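What follows is one chain in structure tokens, specifically the form predicted alone.
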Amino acid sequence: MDSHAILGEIPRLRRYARAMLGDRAAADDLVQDTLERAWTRFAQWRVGSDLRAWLFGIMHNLRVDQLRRPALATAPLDDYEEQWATRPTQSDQLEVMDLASALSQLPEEQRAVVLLVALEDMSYAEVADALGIPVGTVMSRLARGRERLRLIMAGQLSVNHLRVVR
């Protein structure tokens, strides 16, 4: 495994993790964990296979593991407000925030596929390989995710995280 090839994938890993998690620190931790696992298990990588898909697969599996573990209460180290990149107009920033909010409302499996295809420009086959699912499943999750995202952005679908208790 060429260390330069892995270093070249770090920006994509960070971008995907930040879009998936919405928290810069948590995303950087996930990327670090992904790189650590890749280095310690480099013997498992098949020469000639897609390095990017392998790394995203590791990241996906780590994220699934995180979701399965109970959440620990944490406090931020710094009391700072995360700054968004400066946008030319206020409306641009609001649209980005609306999109980030809408993405966070998608189910995890749909969000992962939407981000890998739309943000990372991965092919359906690459996404299927990275997530360990059939290409048909990628296509259906993408279609459902895009439709749900469209409805959320149009204000026609509101995701309620409360459940009815009888």
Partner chain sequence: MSHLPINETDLQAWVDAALPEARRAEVEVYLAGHPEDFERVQAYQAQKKALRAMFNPVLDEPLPDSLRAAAAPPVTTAAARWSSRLAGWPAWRLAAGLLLALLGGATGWLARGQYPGGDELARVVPLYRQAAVAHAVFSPDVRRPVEVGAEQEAQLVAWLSKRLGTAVKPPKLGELGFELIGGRLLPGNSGPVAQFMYQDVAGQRLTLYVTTENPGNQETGFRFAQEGPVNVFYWIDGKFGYALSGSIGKGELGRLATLVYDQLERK
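Residue numbers count along the first chain shown, from 1. All figures in this text were calculated on a predicted structure; none of them were measured in a lab.
The same protein also exists as the form predicted in complex with the partner chain; that form is not shown, yet it is the one meant from here on.
Novice: Judged by heavy atoms and a 4.5 Å cut-off, are 26, 125 and 137 together in contact with the partner chain in the predicted complex?
Specialist: Not a single residue of the candidate spot has a heavy atom within 4.5 Å of the partner chain in the predicted complex.
Novice: Identify, from the list 133, 115, 53, 62, the residue with a heavy atom within 4.5 Å of the partner chain in the predicted complex.
Specialist: Only one option qualifies, and that one is 115.
Novice: May I ask you to check whether residue 67 falls inside a 4.5 Å heavy atom distance of the partner chain in the predicted complex?
Specialist: No - in the predicted complex, heavy atoms of residue 67 and the partner chain never come within 4.5 Å of each other.
Novice: My question is simply whether residue 58 lines the interface with the partner chain in the predicted complex - judged by any non-hydrogen atom within 4.5 Å.
Specialist: So residue 58 does not count as contacting the partner chain.
Novice: Going by a heavy atom distance of 4.5 Å, is residue 32 a contact of the partner chain in the predicted complex?
Specialist: Residue 32 belongs to the contact set for the partner chain.
Novice: State yes or no: in the predicted complex, is some non-hydrogen atom of residue 44 no more than 4.5 angstroms from a non-hydrogen atom of the partner chain?
Specialist: Contact with the partner chain, yes.
Novice: Can you name the residues of 119 to 152 that have a heavy atom within 4.5 Å of the partner chain in the predicted complex?
Specialist: Stretch hits, in order: 119, 121, 124, 139, 142, 143, 146, 147, 149, 150.
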